[in-house]
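A lone chain, given as structure tokens: the form predicted alone.
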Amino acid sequence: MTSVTKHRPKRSKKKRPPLSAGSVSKHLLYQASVQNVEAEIDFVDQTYFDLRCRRAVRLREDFCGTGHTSCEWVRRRETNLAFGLDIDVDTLAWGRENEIARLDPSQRERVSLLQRDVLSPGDAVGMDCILAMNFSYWLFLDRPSMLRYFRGVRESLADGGVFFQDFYGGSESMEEREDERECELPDGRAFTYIWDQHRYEPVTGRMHCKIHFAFDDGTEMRDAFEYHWRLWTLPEMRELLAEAGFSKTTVYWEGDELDEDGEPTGEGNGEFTPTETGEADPAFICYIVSEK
């Protein structure tokens, strides 16, 4: 997998003190290397509008971590409300101290990070949009568990609500391998992101993945994040979503970045369009959009 992340805009580099494993939060590194909340919310906001001819207001971010995406949502419009669900106390606390704290007072009032299991969302229902991003829902390792989650999501959506997931696959997703990519923080300081597909079991479909970070001073942050997942397929996902009662699921496929001669570079261009075929890429990222 050359890049388990969404297309990110390039930033200009600035001279700053170099990073070191002991000088930076792993959450900042994750946000800079894995997430692109601006592009993600662009897609969610526009796709919902295209489907419903109105703007979404209430958004729930399942497996929200630091709530980075939820904060981006409330920045977009003064009517937007966001609810983030996660069970990790420390990560939620970091998000409140470092993400929500950066919002202005009116924005802070419109976002809630809740320590709550996504299978028991409580009053976080009646949503226009629910998001399960960064393949986080792969922690459900069998069909009954995944089906229970999808049914709960559907019940939590308002009439006309839409469920958004990202997904990755391709032949490289089944390989035990490490891939590196140079990244930088918003302030321009550089680091290396290492995606480690540590183990894959073809009989069960289970996989153990890790994220490491390396720095120019020679230090490393090993096992910064670990995931014990099942590698699902797109047909399995769509069948389970239909079984859960969603009226329609659509796959949005990422286009190719082109070089100066108009030839594909092998990298995505960050633009996603509906498809029923896709391409047999060794590594791909797409969105699944499910309508209640």
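Position 1 is the first residue in the sequence shown; the rest follow in order. Treat the numbers as computed from the prediction; the structure is a model and nothing was measured.
Although it is not shown, the form predicted in complex with a small molecule is what the next lines describe.
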Practice problem: Would you please decide whether Asp86 lies within 4.5 angstroms of the small molecule in the model of the complex, comparing each non-hydrogen atom pair? | Solution: yes
Quiz item: Just to confirm, Arg116 within 4.5 Å of the small molecule in the model of the complex by heavy atoms?
Solution: yes
Self-check item: Leu139, heavy atom within 4.5 angstroms of the small molecule in the model of the complex
Solution: yes
Quiz item: Could you tell me if Gln35 has a non-hydrogen atom within 4.5 Å of the small molecule in the model of the complex?
Solution: yes
Practice problem: Sort through Phe63, Tyr252, Phe43, Trp232 and report the residue having a heavy atom within 4.5 Å of the small molecule in the model of the complex. | Solution: Phe63
Quiz item: Of the options Met133, Leu157, Val111, Met146, which one has a non-hydrogen atom that comes within 4.5 Å of the small molecule in the model of the complex?
Solution: Met133
Quiz item: In terms of non-hydrogen atoms within 4.5 angstroms, which of the given stretches 252 to 260, 27 to 35, 234 to 242, 51 to 59 touches the small molecule in the model of the complex?
Solution: 27 to 35
